[in-house]
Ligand SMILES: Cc1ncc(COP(=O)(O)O)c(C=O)c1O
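Only one chain is shown below, in structure tokens, and it's the form predicted alone.
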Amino acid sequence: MTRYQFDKWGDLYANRALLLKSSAIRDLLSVTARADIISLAGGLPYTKEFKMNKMVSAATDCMERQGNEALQYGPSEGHIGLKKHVTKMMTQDDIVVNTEDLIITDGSQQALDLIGKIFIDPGDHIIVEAPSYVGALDAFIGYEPKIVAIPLDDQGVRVDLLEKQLKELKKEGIRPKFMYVVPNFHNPAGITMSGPRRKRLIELSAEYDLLLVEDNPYGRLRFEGENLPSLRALDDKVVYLSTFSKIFSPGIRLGWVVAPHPILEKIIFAKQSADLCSSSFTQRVVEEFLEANDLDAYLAQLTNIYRGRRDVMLEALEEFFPKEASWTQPNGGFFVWVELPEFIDTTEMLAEAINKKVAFVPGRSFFVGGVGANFMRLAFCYPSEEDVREGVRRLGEVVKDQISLYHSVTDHFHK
């Protein structure tokens, strides 16, 4: 019997293909694209404030100044002109690098896949946060690791539990290949790792020779509070990922990786086998845009919009959600993480929410092992303030209905 009843090629697929699955978030996009649905699901950057004429000018300038070269293959490491702009951006985060310390990738999602490709053999241990970014989990799972998940609290990853886990693994003779973390405005939890936690994480990485992979897509979208040092700024052995997707445009599909040179070399080799190079044309257009425009001013404008939507979401949660629910209070980024009573399964609840014309991402997607059913991620980044409030109101009705249904059933059986 073949593995796939209706797929005559089923016996030809590699075992890892059986582990691949569609992203829960991407699956929702077809539903949330409907005009009658208020989507609190996808972490879509708000691009409607972007001045399209500036991008048209950048593309025109690129063709006029760099035309023939822009249409040619580029170096696998990335276009030097864009890399210079990235190094300048990183100095604002107190990360000092030169252009040889980084490569350009097709968004940070490609970087996650390449990291999995060069580090993970089947059965290797890797460490992630719980919850963790679903795109990273999907990228890593295809390489068949054993995933160790360390819980978060409102200060970030529980370094005490991490230390305990590292000790146990060391006793068993196991060295994890790496630990993946999102310290700033976490996806999905919205929290930011505290300064003491960052310091202790760096200490543990040195003590246990643990490679850290820091993903920082949202760090420049802070609403209030002081900037905290990135893990890479604290230790130059950290592998650092970021992207233009959240601060400029996801459609250009450009990100970058900073890493120690031996690791960077392996990532380049892996990238060459994947796509040879990221789009030379796109990189040069973005270079021209950054030469002519103030990205910081645009980010300040975006941050004000996101802050207003965050405030509306938090106010609406207080007004419309039941007392049994709790949620995080993000200081930046895109997301609020909501915890509901343990008897609620948000995956099952999603259909009822869609019937109410509102969407969210169920929490189970962000965990390994089928846990997290009573959590959900709400994104405030794309809908208008009016839609954020109305979406939370509708969702509050769904949650209250679920709680009432549970109590009515349990009361019936207890009588």
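These numbers were taken from a predicted model, which means no experiment stands behind them. From 1 onward, residues are counted along the sequence shown.
This next part talks about the form predicted together with the ligand, which is not shown.
The stretch from 146 to 154, 276 to 284, 296 to 304, 211 to 219 that comes within 4.5 Å of the ligand in the model of the complex, counting heavy atoms only, is 211 to 219. Every residue of the trio Leu112, Asn187 and Lys246 has some heavy atom no more than 4.5 Å from the ligand in the model of the complex. Mapping the unseen interface onto this chain, Ser108 counts among the residues with a heavy atom inside 4.5 Å of the ligand in the model of the complex.
Val182 belongs to the set of residues with a heavy atom inside 4.5 Å of the ligand in the model of the complex. When the ligand is considered in the model of the complex, Phe178 lies well away from it, no heavy atom lying within 4.5 Å. Mapping the unseen interface onto this chain, Arg197 falls outside it, with no heavy atom inside 4.5 Å of the ligand in the model of the complex. Out of the listed residues Arg158, Arg253, Lys117, His85, Arg253 is the one that sits within 4.5 Å of the ligand in the model of the complex by at least one heavy atom.
With the partner omitted here, the residue from Tyr240, Tyr133, Trp337, Phe140 that has a non-hydrogen atom within 4.5 angstroms of the ligand in the model of the complex is Tyr133. For the partner-free chain shown, nothing in 296 to 326 comes within 4.5 angstroms of the ligand in the model of the complex, judged by any non-hydrogen atom.
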